[in-house]
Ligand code: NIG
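One chain is shown next in structure tokens, namely the form predicted alone.
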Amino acid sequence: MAALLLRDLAQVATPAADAGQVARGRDLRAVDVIEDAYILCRGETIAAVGRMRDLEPLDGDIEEIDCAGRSAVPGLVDCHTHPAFGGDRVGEFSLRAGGASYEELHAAGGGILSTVAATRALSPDALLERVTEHAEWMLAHGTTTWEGKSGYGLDHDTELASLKAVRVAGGSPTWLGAHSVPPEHPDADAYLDFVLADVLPEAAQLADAADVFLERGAFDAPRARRYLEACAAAGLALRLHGDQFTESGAVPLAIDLGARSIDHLEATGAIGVQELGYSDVIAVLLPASALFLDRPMPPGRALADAGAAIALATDFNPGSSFTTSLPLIASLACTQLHLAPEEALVAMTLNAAHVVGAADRGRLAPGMRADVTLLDAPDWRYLAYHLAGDLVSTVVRAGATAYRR
């Protein structure tokens, strides 16, 4: 592979914190900006980053990209998505927009279980085709690393096919085996008996992490603990959907089990914010979901001020956040969660990479994987400033051009 030189960049912006640590407190705002810069990639790795005036003559086979007028940020990392699904929920969206209640949506056949039925109807090849299409959408928005959950199969074959599809499409698979209770099981306990005995052994060979929806109407804290402890014993990292609609014990459970992250937090109060501020659990904030459902936003500013490690993600799914755009999430983080552009950048690069266990991503520095998102703007802060703009011009993934507008 020829070396790749991104030259004459207006700006290079990268988290200043070391790749081996999660950024919080002051480090969450620490971004190094280099003007009139270059990035040199050799193979899949960044070899050098610096000012153009300091670039020494290069020998050998070099591919050059003229980046005049553009800025560069690390390849974006989407650490919470649900890409493995069939069908859509556009009808449900229309009903909700027209004022339908939660009960009316379910009576009309909406909700998670409607997507379960559509996903089960897909062949493994068709499911892979859907996940691959969704991965391409993410790439066009500057995402180079992404996590993808199962959870719309809730049976043996479809759950495993979902995890395989995420892996083949280039994502990090998370087994969301405890997303909802499917209709063929009488209650949550019976369903957990089934998935832990019949699905977990194979899921643990395919997935990197396990997730649970701890919420009223889904799985309560004791059942979530049972599921997560079994998954941890099988070698999976732990994550939780928590405090989306109610505080139901998700924060203390995540801290007690040493979970890698707790995601959503729209309903988290002052005590939960303080507890996360003292913990090692990363708070993954999903503002598009809150916007889509017209729910309160998660307490992003309070969490950052409390010293919590925060990450940002799209929560891409067919029912409550139909977007794959992390630049849109950056805009929402600044305007709705009251985070600084620097905090938003770090939260969707360095910190999000830690959530998915990819410590070689999220910074533009020698030795890191050569994932770069080029913005068609002279200032990197356009990432959040240009609301829903056609901003991403080129994406380099593992040292090769993966997308060009």
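Please read these numbers as outputs of a predicted model, since none were measured by experiment. Quick note: we count residues from 1 along the sequence shown, nothing fancier.
In what follows, reference is made to the form predicted in complex with the ligand, a form of this protein that is not presented.
Engineer: Considering non-hydrogen atoms and a 4.5 Å limit, which listed residue (164, 301, 89, 225) is close to the ligand in the predicted complex?
Structural biologist: Checking each option against the ligand in the predicted complex, the one that comes within 4.5 Å is 89.
Engineer: So which of 262, 332, 135, 112 reaches within 4.5 angstroms of the ligand in the predicted complex, heavy atom to heavy atom?
Structural biologist: Going through each option in turn, the one that passes is 112.
Engineer: Is it true that 179, 213 and 319 each have at least one non-hydrogen atom within 4.5 Å of the ligand in the predicted complex?
Structural biologist: Answer is yes for this spot.
Engineer: Please determine, with the chain shown alone, which of 231-239, 119-127, 79-87, 185-193 has non-hydrogen atoms within 4.5 Å of the ligand in the predicted complex.
Structural biologist: Looking at the other structure, the answer is 79-87.
Engineer: Residue 152: heavy atom within 4.5 Å of the ligand in the predicted complex?
Structural biologist: Yes, residue 152 lies within 4.5 Å of the ligand in the predicted complex.
Engineer: Answer with yes or no whether residue 315 is in contact with the ligand in the predicted complex, where contact means some heavy atom within 4.5 Å.
Structural biologist: Looking in the predicted complex, residue contacts with the ligand include residue 315, since a heavy atom lies within 4.5 Å.
Engineer: Give a yes or no for residue 325: in the predicted complex, does one of its heavy atoms lie within 4.5 Å of a heavy atom belonging to the ligand?
Structural biologist: Contact check for residue 325: no, nothing within 4.5 Å of the ligand in the predicted complex.
Engineer: Answer for residue 174 alone: is it within 4.5 Å of the ligand in the predicted complex, judged on heavy atom distances?
Structural biologist: Residue-level check for residue 174: no, no contact with the ligand.
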